[in-house]
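One chain follows as structure tokens, the form predicted on its own.
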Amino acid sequence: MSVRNLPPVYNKIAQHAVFPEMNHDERARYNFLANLNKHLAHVSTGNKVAFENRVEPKFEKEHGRKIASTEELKQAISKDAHYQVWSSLRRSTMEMRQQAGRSIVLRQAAELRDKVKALNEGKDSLILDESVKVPPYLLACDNHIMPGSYHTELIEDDVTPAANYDTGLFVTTAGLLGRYSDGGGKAIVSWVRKTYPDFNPKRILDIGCGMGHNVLPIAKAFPNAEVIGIDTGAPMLRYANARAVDLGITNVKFMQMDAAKTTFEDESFDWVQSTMFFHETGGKSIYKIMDEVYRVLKPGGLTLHIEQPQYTDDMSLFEKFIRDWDALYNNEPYWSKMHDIEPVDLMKSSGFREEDFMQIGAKAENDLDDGSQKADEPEDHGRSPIWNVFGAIKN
């Protein structure tokens, strides 16, 4: 790996009032893991070499035919030494990243809670609702090996799930999301402004907002709009609101609400947005949520959804398999199903017209890119912030 391809050091990540305190060793551990992730992204190209030169020829010799499914490919490549080492190290980096992040936030859980409470005190921009239930599909797994996922509270008014998530995005993406991990939100703002220069939304809804890192660039870009982020995870919302308050963004509210059954009035938003949300929803909920998007969107309104690339008929079996790695080994059980869905069919099922459907590519805007990462980068399937965006204008 060229020195030009090293990830930025952790010291460059932006701090805010509720960002966890970290010591030298903790930052060093994150730097090691970010560099290991970067290295694994580069040696991942060897998996395709292994498939083409060893795994597929051996399978054809033994079976007299080509590999016919991703399951057959999984069984065959799992015996290859290069894939075994790469896959086990990739799993280990995520486990180590979660353990490192949890140790950072748990030792200061009470202090983080108190900082968040102080910033949220007296603010009407945080609306929690204890009657909102975390959907069963979220309760069923610890997303991407994050203990307790987004919702578990270990102390009263806990914020550690969000604080852990905030510190670790840098590690998982090797710093490609920018100083505030908001490269997705910035990218969608740039596209909307370029494509619809006269678009002036008065009310914007962000579903599955998490800790709010991608909705804040939208709120900042449209300061006259009322922006609302919803999520079912109370720890994420508490942290998101305090983070926004400290960063001086005042036109955003955070509400505890299930995206599949919101309480908003019909046709009450000009823009409904989600970022890397649908692949963490399970079963029929994907369709229920899209029904809700259609219901709350005004005629002429815009909806956009940032996701990992969809699986297409012309995508190779190997690429589908390698993109499924997170579903197989990183507790992303709904990942594969979401990417098998044809987005236009999903949107048509909720009432959007096929002629209004749009699909574009997007890449995170990274303000940590200081020119030291300009060399060609291999795509780290499932981790690179290079996305598919689908959506529509409601007519």
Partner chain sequence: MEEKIDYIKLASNKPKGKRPYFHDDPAVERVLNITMAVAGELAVMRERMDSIERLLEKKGVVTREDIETFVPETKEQEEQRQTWHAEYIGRVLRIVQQEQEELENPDKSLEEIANDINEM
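Keep in mind that this is a model prediction, so the values were computed, not measured. Residue numbers count along the first chain shown, from 1.
The following text describes the form predicted together with the partner chain, which does not appear among the structures shown.
- Shown alone here, L317 lies farther than 4.5 Å from the partner chain in the predicted complex, counting heavy atoms only.
- None of the heavy atoms of H42 is located within 4.5 Å of the partner chain in the predicted complex.
- The partner chain is not shown here, and in the predicted complex it never comes within 4.5 Å of any heavy atom of E130.
- The closest non-hydrogen atom of Y137 lies within 4.5 Å of the partner chain in the predicted complex.
- Among E267, D246, D142, E72, the residue placing a heavy atom within 4.5 Å of the partner chain in the predicted complex is D142.
- A single residue from the set K202, R91, K123, R179 has any heavy atom within 4.5 angstroms of the partner chain in the predicted complex; that residue is R91.
- Contact here is defined as any heavy atom lying within 4.5 Å of the partner chain in the predicted complex, and by that definition not a single one of N37, G185 and R193 is a contact residue.
- Stretch 143 to 151 is the contacting one of 255 to 263, 143 to 151, 306 to 314, 166 to 174, since its residues have non-hydrogen atoms within 4.5 Å of the partner chain in the predicted complex.
- Contacts between 21 to 50 and the partner chain, taken as any heavy atom within 4.5 Å in the predicted complex, involve H24, D25, A28, R29, N31, F32, L36.
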